[in-house]
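This document starts with one chain, in the form predicted alone, laid out as structure tokens.
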Amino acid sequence: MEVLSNDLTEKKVFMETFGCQSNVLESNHVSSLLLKNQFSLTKQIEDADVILFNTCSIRQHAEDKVFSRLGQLADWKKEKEGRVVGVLGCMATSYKEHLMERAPHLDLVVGPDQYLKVPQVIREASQTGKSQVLADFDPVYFPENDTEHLSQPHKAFIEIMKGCDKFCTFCVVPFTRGREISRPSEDIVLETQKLAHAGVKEVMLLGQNVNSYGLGLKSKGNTITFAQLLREVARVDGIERVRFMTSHPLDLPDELIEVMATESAVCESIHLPVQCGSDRILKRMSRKYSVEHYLERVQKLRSSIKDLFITTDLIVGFPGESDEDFQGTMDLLDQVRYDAVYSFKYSPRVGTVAARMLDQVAEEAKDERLARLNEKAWKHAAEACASRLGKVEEVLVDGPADKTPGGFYGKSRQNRTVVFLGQGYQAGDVVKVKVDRHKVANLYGIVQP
């Protein structure tokens, strides 16, 4: 990559990331590009010369946070010549020029496929005051990890595909990330090998729907499936753990379940978003599966993979959701008993079919349903954690525990957070911890010899 010639070593960049794991990967990617181009990074916003927000458009709440942050920076930018404010990510592709209309002090609006240009447009904005909007899709571009500037030395995200062709009626991803495009498997395996050589022990393969991976790709005359890719990555020397997300319930194949069950590096966890427990609402969401189909996939997973950790996404208050529909979601919670639930009130997104539906649910009803759902979900999560008491967990250490003096924390193979006391541990160490207590979603224990 060409390094910019201008000396910007005094330009400090603060970046705040909103949204999913893909945004985290892309923020790390942009950070490494900036470091290579003579910028420096700061975690203190008051020290920054450049402030970037990497944004999410999935829910209104996330967008409102960004607009609030932007509003606070209008006076900040005027205080010193050369300061730069930028928006990256999904809001860049969904709003484009309208972002600058709403926040005239913005200097750059850059979508996920244009990140290679971020150092250049920051330089131009700082030196000339030129503002730019770069939000076009690029089917070839995929962000890669920089092994010299990993945010975590032992873990990494790898983007294997981008975009989505499902067009659920509530979702903006096909508009903010484009249509489905798979990255060549050879590039993915090569990046995994480079990461392993750099000391990474765990990788997470990312895609809006990993089950669709391989469509349009040809390898030796045959289409490669996600299950085949997962097996290849799991067999890379040095990689001890492999995770992935997100897997759509509609097209979760037996082949993938078989790879999860037989490849020792693939962790016993899966995120399987159901969204709701009513067939009528699932149809309105255009999810194209039934509750019965979803439950059959869960049963197949659990019968094939011991101690499987299952998480999901749930939306309450989707347009037209009745008390009976919501009860279906509550019943589904009791049937599956998830280890963790990510729950949200329905948020109308401009341009989606659901936003134009006339039977929107009142906010009071959404609030009440979300509270009831969360109470049940937390109860199940606590019971799932309690079932781990007395068991020995294999923990990949992430670092010191903030709220436990003298403690460390890490993740079990099931992706549970485990906290333990000890000395001299480092990120990337693997330890055995016997669980002796829990606090709802976290496990606590004693290191075993």
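Numbers follow the displayed sequence, beginning with 1. Predicted, not measured: the structure shown is a model, and the values here were computed from it.
What comes next is about the form predicted together with ligand SAH, which does not appear here.
Novice: Find the only residue in R413, R388, H29, R59 having a heavy atom within 4.5 Å of ligand SAH in the predicted bound form.
Specialist: Contact check passes for R59.
Novice: Between R83, R231, R284, R349, only one gets a heavy atom within 4.5 angstroms of ligand SAH in the predicted bound form; which residue is that?
Specialist: Looking at the other structure, the residue within range turns out to be R349.
Novice: Name the stretch: of 310-318, 329-337, 113-121, 142-150, exactly one has residues whose heavy atoms fall within 4.5 Å of ligand SAH in the predicted bound form.
Specialist: Heavy-atom contact with the partner occurs in 310-318.
Novice: Is there a non-hydrogen atom of F137 within 4.5 angstroms of a non-hydrogen atom of ligand SAH in the predicted bound form?
Specialist: Because no heavy atom of F137 falls inside 4.5 Å of ligand SAH in the predicted bound form, the answer is no.
Novice: With heavy atoms only and a cut-off of 4.5 Å, decide whether C171 touches ligand SAH in the predicted bound form.
Specialist: Yes, contact at 4.5 Å.
Novice: Does ligand SAH get within 4.5 angstroms of any non-hydrogen atom of T246 in the predicted bound form?
Specialist: Although ligand SAH is absent here, T246 would touch it in the predicted bound form, with heavy atoms inside 4.5 Å.
Novice: In the predicted bound form, is there a heavy atom of ligand SAH that lies within 4.5 Å of any heavy atom of T192, even though the partner is absent here?
Specialist: No - in the predicted bound form, heavy atoms of T192 and ligand SAH never come within 4.5 Å of each other.
Novice: At a 4.5 angstroms cut-off on non-hydrogen atoms, which residues of 267-304 are near ligand SAH in the predicted bound form? List them in order.
Specialist: Those in contact are P273, Q275, R287.
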